[in-house]
Structure formats: C-alpha cells, structure tokens
Ligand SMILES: Cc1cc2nc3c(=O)[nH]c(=O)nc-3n(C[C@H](O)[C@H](O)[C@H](O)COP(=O)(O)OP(=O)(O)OC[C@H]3O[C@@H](n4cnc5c(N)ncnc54)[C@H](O)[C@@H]3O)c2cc1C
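What follows is one chain in structure tokens, specifically the form predicted on its own.
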Amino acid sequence: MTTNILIIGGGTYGINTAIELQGRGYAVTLLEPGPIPHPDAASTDISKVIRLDYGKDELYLQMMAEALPLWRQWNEELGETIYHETGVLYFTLDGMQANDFEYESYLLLQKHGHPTERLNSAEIRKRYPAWNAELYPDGYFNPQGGWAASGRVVTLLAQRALQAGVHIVQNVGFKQLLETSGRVTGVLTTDDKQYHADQVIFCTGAWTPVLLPHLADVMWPTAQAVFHFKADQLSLYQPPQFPVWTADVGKTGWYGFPAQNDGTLKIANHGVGWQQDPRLPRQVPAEAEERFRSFLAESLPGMAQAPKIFERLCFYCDTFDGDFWIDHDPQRPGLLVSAGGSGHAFKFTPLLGRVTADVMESKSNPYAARFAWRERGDLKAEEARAAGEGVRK
C-alpha cells in the first residue's frame, strides 16, 4: 500500500521535499496558502546568494560543497540559467583578523582546497572601481559562488513537482492539525476541508512558529529590509567589476548583488531585524532607507543618490541557534517539521528535500544530526538570538 504524505508549504523546503519523496515512491500532496511562488515567501525574490563561505563551520561548508555542483547541474536540467556564478567578494573594514567571519572563512576554504584570492586596497580600487577602496583595506574573492534567481527557481521546481506526479493544491491555508489516538493524521484547512495522510510535514518558513505555537520558544519570525536601487552605469555594477559582495558582513550584515540588465541593484542587511507576525501587513520601517543610503554614501558613493525602485520585508524563520530544524516532533507522532532557515537556507535548496526525506525515513544523513529536535536549555531569548546570529552569517 502506498504511503500518503501531506506537505504544508510550497516554498524552497516544501517543493524540494515533495519532489524527493514522490521520487521515492510516496503519494505526495502539497498544500500552499497562496499561489506558487507565494508573494510573501522569503524565496520569492529576484536573487539569493549562493556561497561556500561559512567562517569556522565545516558542516555548512561541506554541505554547500555538495550543493554547488547541483546548482550548476540545474542550469542544464531546467533549461535556463537560474544560477549565475559571478564569484563572491568579501571586504573587511579593519583587515582580516583571527576569529572574524571573513578570515576564518578564508582559512577553512584553503584547508579544503577551494581557491581564494586575497585582496588589498590597491587591488580593490583597480578591479572593483565602484567601491570606496579606502574604506576596505583587506578581503578576498572566492570565484566559486554567486546568485540564483530564487523566485524563478521555485516556479521551475513546482513545474518539476507536477511533472513528477505531486498533487499541488494552491490557495488553501492551514487551520489545525487532525489527530487520532494521539497521532497526527492530517490537517483541517481554512476552507474546512480535511486532508488525511500517514505523515504530515510542515515546510512553512516564517509562519512555522505561528501555525505551530509550541515551537515559538525555539524559533520566531524576523523581518529584514531589502531595497532595490536603480544603477545607471551598468558596466560599473555588473560582473566582473561587480560580483556578489559582502561588506564586512560578519560585523555589519551588508551584502548585495550585481545589477540586473534593467539596472536593478539589490542590497540587503543580514542583521537582527524586527520580530513581527508574518501575517500582518508588511511595511519597511521609515528609518531603514536612511540607513541603507548612509551605507551607499560611504561604500558605493556612485549609488548614494540612486533612485529607489522597490522595497520589501524579507522574513526569516530564526531558530535560537541559527541551525535548520528538520525532525519528527517527539510529542506529536505523524508530524515532521522542516523549517528554521534562519536567513541562510536558500543556497542549500538542492539538498533540503533529500535531508528531509532521509529524516522522515530515519535514514542516515551526514547533516541531519545538526538539525535535529533540540531544547534551548538555559539560554534566555536575547542570548539565543545572539547565538543564532553567529551561526547564520
């Protein structure tokens, strides 16, 4: 008899889990509260960073070293370039120093044989003329990495899921879990329809601790501001003069992308953000643009007065320690949670479904132990957030 799987959420986690489990012989139904891609999903954007660099963290480096060839493979399999390998720049304000994110990333990449190129102000000024080289005396360039067209990725993978036989139901929201004899056996949706399954998997991103309130102590939704500005001199803001970049991201959180062919230049900040219910109206705080423009004036002076063409809040599902959360709910048999992206999950898109499927089947997986169900222990909420910040750079 075929085992029925019900997946809640059609973003990066959900779509890939659906494809993987359908390929393993399960009958998969996926419920999505809006269209796919959902306009409010974190992955519904023009770009996400694809990078190997992870400070001292060998597990994420190894995981990304496995995912990166799959991104290149997807360019061939999906029939279009969804992953753009521009390389990634890492600038520092005070020079690369021991225990800093950039320096430790540089050392770990070298240890594992990944090519990197150290940069000084003279090289930065010569090769990357849009940048204020006086501000950044040190850094490195990693030729492996770049960006992926994230919203387009989800669209194409949803098409692949349908072709594989996944039953996708859009515009249907989750209302409550259905339980029989202490086991989760399905869900009730907002249109009061019941969906039953042998296994229910929640892949609901920032909505996870809202829909499953018993998780609110270990994960929470966090809003981050994203801005698009209009670049006029495209040659200055496109590769090779302007690849994906970070500007002392371990301390400042600033990162961004090359300009699109229409001049759209996306800049974001990977920081503490604002805790906010993702179901509420989304409005970027008024002070955010001033902060972004101050950064531009100092670091990219040619963009200081550039027109703003778009702004949005991108929602993270932050776990207390910054690691992903992929495991069976120990108190609710029949329920598995695959979430907790913490602002750095999209790059692992080609592997997330495999990890989740292995966990569901209790198969060995080299990464699953890191993402297992866990307690926050004695950490207070503020300390937990600080710990998570260190992991998800």
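Numbers follow the displayed sequence, beginning with 1. Predicted model, so just to flag it, every value in this text is computed and none were measured.
Separately, the form predicted in complex with the ligand exists; it is not shown, and the next lines address it.
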{"property": "Interface stretch in the model of the complex with the ligand - options 357-365, 329-337, 344-352, 55-63, non-hydrogen atom within 4.5 Å", "result": "344-352"}
{"property": "Proximity of residue 245 to the ligand in the model of the complex, heavy atoms at 4.5 Å", "result": "no"}
{"property": "Contact label in the model of the complex: residue 224 to the ligand, heavy atom within 4.5 Å", "result": "yes"}
{"property": "Contact flag, residue 124 vs the ligand in the model of the complex, heavy atom cut 4.5 Å", "result": "no"}
{"property": "Residue 255, heavy atom within 4.5 angstroms of the ligand in the model of the complex", "result": "yes"}
{"property": "One residue of 200, 88, 158, 203 in contact with the ligand, assessed in the model of the complex (non-hydrogen atom, 4.5 angstroms)", "result": "203"}
{"property": "One residue of 177, 218, 211, 296 in contact with the ligand, assessed in the model of the complex (non-hydrogen atom, 4.5 angstroms)", "result": "211"}
{"property": "Within 36-54, the residues that have a heavy atom no more than 4.5 Å from the ligand in the model of the complex", "result": "38, 41, 42, 43, 48, 49"}
